[in-house]
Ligand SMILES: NC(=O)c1ccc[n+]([C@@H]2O[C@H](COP(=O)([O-])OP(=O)(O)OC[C@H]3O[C@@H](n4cnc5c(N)ncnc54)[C@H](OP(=O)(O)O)[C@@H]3O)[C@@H](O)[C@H]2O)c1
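Next comes just one chain, in structure tokens: the form predicted on its own.
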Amino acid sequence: MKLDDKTILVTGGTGSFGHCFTEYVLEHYNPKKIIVYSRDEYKQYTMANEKVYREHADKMRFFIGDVRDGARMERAMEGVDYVIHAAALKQVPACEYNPDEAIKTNVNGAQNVINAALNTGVKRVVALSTDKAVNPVNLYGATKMVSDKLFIAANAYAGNKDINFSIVRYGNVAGSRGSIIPLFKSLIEKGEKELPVTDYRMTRFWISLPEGVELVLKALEEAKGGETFISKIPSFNVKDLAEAMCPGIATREIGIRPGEKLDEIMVTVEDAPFTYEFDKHFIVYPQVTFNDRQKPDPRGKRVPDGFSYDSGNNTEWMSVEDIKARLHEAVDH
């Protein structure tokens, strides 16, 4: 996907993903404009004054606004070619305690993004999903499941417009804010003699921010509308992560938290009839298609019935040494 001379808007653009995506695009392409859309003026000020963005100030725009505000969202999308929707309330406990706020941002906000894109001539929309949207057991996951459904169904409203909506799904990004790596790092730096592990059976996928960006770019380039793109990535055991970060440190099992799963699930058995496998990723196609463009890519192979993809049944695993070798990627932006 050539992003040269294109105008791109990133909702939630001051977050970890927004930083990495914007830097990647500035480094590899010559965009006309990148619009960072978010509601925190201080984060925008801080981002705008970072060296990489000062050097590309002619291409950067910082737009104060909330995805909850449909009119503001529509104004921000005027003249935009591509939209990356990364804004969300993501902290599971916060969403449980403030369910109405999570719905306003994650569900109503998603619909505002869709409406604004349809009304302003946007060509492509890629929305970031999460493993927690699959068989959700907490409110955050439930709101993201609804958001995913909204973006998939949005293709029904495209008509003859040159626009499509697609989704990329991955779990916690290694080193991102609120994830386990910065927690362990902080405890180790404070001199703690043992690290808390929720459950010794717990597994997670490993994906770096650049890998997440590459998946978004793949969706921008290949999506016809309604697909969910999922990277093939390795799994690791959380106890092995503790050993990799501080060899020999003791651990204590503290029990799984409410709304938490032992494994990150990306593709369910129910998704299998609509899932196709490629060299480096899977695509889950929509169960209901809205136009004749939404046909499976012939380069893919349909997965067998009963197939599922989660961090516990993965065929690719990281050893303690593998984790050590990749910890340098886990840097919070």
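None of the values given here were measured: they were computed from a predicted structure. In case it trips you up, residue 1 is the first one in the sequence shown, and so on.
Another form, the form predicted together with the ligand, is not on view; read the next lines as being about it.
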For this session: Run the contact test on F17, D66 and R177 with a 4.5 Å heavy atom cut-off to the ligand in the predicted bound form and return yes or no.
Result: yes
Problem set entry | One stretch from 223-231, 165-173, 180-188, 194-202 that, in the predicted bound form, holds residues within 4.5 Å of the ligand by heavy atom | 165-173
For this session: Would you kindly say which of R302, R61, H281, R39 lies with a heavy atom within 4.5 Å of the ligand in the predicted bound form?
Result: R39
Exercise. From the list V238, M245, A88, V122, which entry has a heavy atom within 4.5 Å of the ligand in the predicted bound form?
Worked result: A88
Exercise. Is S129 a contact residue for the ligand in the predicted bound form, using a 4.5 Å heavy atom cut-off?
Worked result: yes
Exercise. According to a 4.5 angstroms non-hydrogen atom cut-off, is T105 in contact with the ligand in the predicted bound form?
Worked result: yes
Exercise. Would Y140 count as a contact of the ligand in the predicted bound form, using a 4.5 angstroms cut-off between non-hydrogen atoms?
Worked result: yes
Exercise. Given that the partner is absent here, does K43 sit within 4.5 Å of the ligand in the predicted bound form, heavy atoms only?
Worked result: yes
